[in-house]
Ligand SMILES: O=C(O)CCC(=O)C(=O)O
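The chain below stands alone and is given in structure tokens; this is the form predicted on its own.
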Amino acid sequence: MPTTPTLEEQLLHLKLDGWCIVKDVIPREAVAAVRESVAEATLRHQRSDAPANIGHRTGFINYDQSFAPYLVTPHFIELIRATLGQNVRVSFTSAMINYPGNARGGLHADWPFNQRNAGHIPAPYPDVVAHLTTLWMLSPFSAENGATIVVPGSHRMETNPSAESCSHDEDTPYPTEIQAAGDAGSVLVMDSRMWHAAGANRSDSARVAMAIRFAPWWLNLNGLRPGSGERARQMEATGLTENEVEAVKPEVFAGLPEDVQPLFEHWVEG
């Protein structure tokens, strides 16, 4: 029987390859209920601008909190804090459902390394982990149902296909890309610089997931805040659009577990 990777092994995997999978963040006996809750809330609050065959809801913590207790599952949050420092913050919570027929997405890196965002770190990037993307597998991730495509080691490149100057086209598969498969309840943790893409769902079932991103205390998130002057100045200066992360409602924050609240207190409405 394969052994569970140690924290040191996971940190090494993140450093060298840019990603790792943390198993059983949501216990197997609980993951079906979380999946159903997330799928129902996503369907009810679906963004009208979501791409075809994708269910999508940003600011998801305001619409569903079933996953919140698991944000501090010890062997998960220990890895996040060992990478970014003790005072980590959640920057994004998004639900993503890839329905059958969903096409492959383009290779890119996430905010703040996506060069199409107004508030981006310009390439070439400094060699520092500034943001983590975590993809929560509420359904099993497989090649058939569109498991996330990753390019191991690409977090050490100086740019990514979202930049016009990048020599690799975003819609062209990369020679060393693989798909990150895993069981329901597992979480794919990756350096946000890493090149990745949604896989094509060739199955007859929806793949339910969440993207929860983490920032260190020093990373400026104000450009994501609706109505902020900093956001307006970034967009005006660059002519680019920006992600928008709605504030956490005070009543939602008050209902979160006490040990989860520090991850969101920077974003509470008011």
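Here the structure is a predicted model, which means the values were calculated and not measured. The numbering used is simple: start at 1 and walk along the sequence shown.
One more form of this protein exists, namely the form predicted together with the ligand; it is left out here, but the text below deals with it.
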Interface check vs the ligand in the predicted bound form: of Met137, Val90, Met96, Leu132, the one with a heavy atom inside 4.5 Å is Met96
Listed residue that, although the ligand is not shown, lies within 4.5 Å of it in the predicted bound form (heavy atoms), from Ala118, Ala181, Ala198, Ile121:
Ala198
Within 4.5 Å of the ligand in the predicted bound form, counting heavy atoms only, one of 152-160, 168-176, 70-78, 103-111 shows up; tell me which.
103-111
Contact flag, Arg231 vs the ligand in the predicted bound form, heavy atom cut 4.5 Å
no
Just to confirm, Arg207 within 4.5 Å of the ligand in the predicted bound form by heavy atoms?
yes
Using heavy atoms and a 4.5 Å limit, would one call Leu221 a contact residue for the ligand in the predicted bound form?
no
Is Val245 a contact residue for the ligand in the predicted bound form, using a 4.5 Å heavy atom cut-off?
no
Can you tell me which bits of 207-231 touch the ligand in the predicted bound form, meaning any heavy atom within 4.5 Å?
Arg207, Ala211, Arg213
